[in-house]
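First, one chain by itself: the form predicted alone, in structure tokens.
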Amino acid sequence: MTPDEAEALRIRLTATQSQRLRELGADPLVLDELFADVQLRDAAFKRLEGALVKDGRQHLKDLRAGRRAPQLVELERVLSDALTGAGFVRVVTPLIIASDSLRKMGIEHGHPLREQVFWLEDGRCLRPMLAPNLYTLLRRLDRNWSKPFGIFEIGPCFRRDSKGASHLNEFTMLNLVELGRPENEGRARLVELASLVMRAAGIAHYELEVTDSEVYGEMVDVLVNGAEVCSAGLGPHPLDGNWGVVDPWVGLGFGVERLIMAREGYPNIERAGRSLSYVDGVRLNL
């Protein structure tokens, strides 16, 4: 491109046009396109908006006809099938937990994570992304099952946080934990389980990164294009004694909406979550 040609391409989409295309699911690269004049820009916007609206209506038509299930529902099914096929047992635990469960996780009064909790009356709260209920089940199932054994739960969690492109107040977590494998096999098993879930989610490219957690200390995050979709850890851990757990464990927590966002390339997580503005990723003001 010559300097004169570059000079001519100086017109960008308006903020309103960019927002409209972003909501409809346009490729982010399209939003940075430059045009020689306003007429060319507006014509390009109308063409792209029309194509995206058409795609959205077809998606909703297929959904109504039963030719597809909502992504969140379908991914939950696929993940559950993959884990039960690998010998894990699905469990269902309460959404309302006692504050004592947070204390056992090291979330005492004054801890910054307490500010992210949705508190109810009588010292109870809505389940945060931590998985204290699984600790309780590990101890009780250990009395009945031989080791190693694994359990998992897929369900809503809640976080009092400002919503943004990658955060939701209400979201879905896949928490899985395996108890009783030899401690020296823990890291390899963590990598194996991360691979199992990512394959089931349809995500081929990801990386692992060692990070630090306010609760568990050293953790391993699963990243897709730099965005975290999972935090994983290994035990024994000092917190285990609060729950009567003594054996080594491997645990991973995946944000299900984040998996969808990463797989589909969505620019915001609301498209993947529980929403009144989107249905299965389709903006409803078509």
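In this text, all values refer to a predicted model and were calculated from it rather than measured experimentally. When you see a residue number, it is the position in the sequence shown, counting from 1.
There is also a form predicted in complex with ligand ATP; it is not shown, and the following applies to it.
A.B. asks: Among 202-210, 82-90, 146-154, 171-179, which stretch has residues whose heavy atoms lie within 4.5 Å of ligand ATP in the predicted bound form?
C.D. replies: Stretch 171-179 is the one.
A.B. asks: Exactly one residue in 248, 233, 56, 253 has a non-hydrogen atom within 4.5 Å of ligand ATP in the predicted bound form; which is it?
C.D. replies: After the contact test, the surviving option is 253.
A.B. asks: Just to confirm, with a 4.5 Å cut-off on non-hydrogen atoms, which of 183, 161, 74, 108 contacts ligand ATP in the predicted bound form?
C.D. replies: That would be 161.
A.B. asks: Decide whether residue 218 counts as a contact residue for ligand ATP in the predicted bound form under a heavy atom distance cut-off of 4.5 Å.
C.D. replies: Close contact is absent here: in the predicted bound form, residue 218 is far from ligand ATP, nothing within 4.5 Å, heavy atoms only.
A.B. asks: With a 4.5 Å heavy atom cut-off, would you call residue 167 a contact of ligand ATP in the predicted bound form?
C.D. replies: Yes, residue 167 is a contact residue.
A.B. asks: Hey, in the predicted bound form, does residue 269 get a heavy atom within 4.5 angstroms of ligand ATP?
C.D. replies: Yes, residue 269 lies within 4.5 Å of ligand ATP in the predicted bound form.
A.B. asks: Check whether residue 229 has any heavy atom within 4.5 Å of a heavy atom of ligand ATP in the predicted bound form, and answer yes or no.
C.D. replies: Answer yes; at least one heavy atom of residue 229 falls within 4.5 Å of ligand ATP in the predicted bound form.
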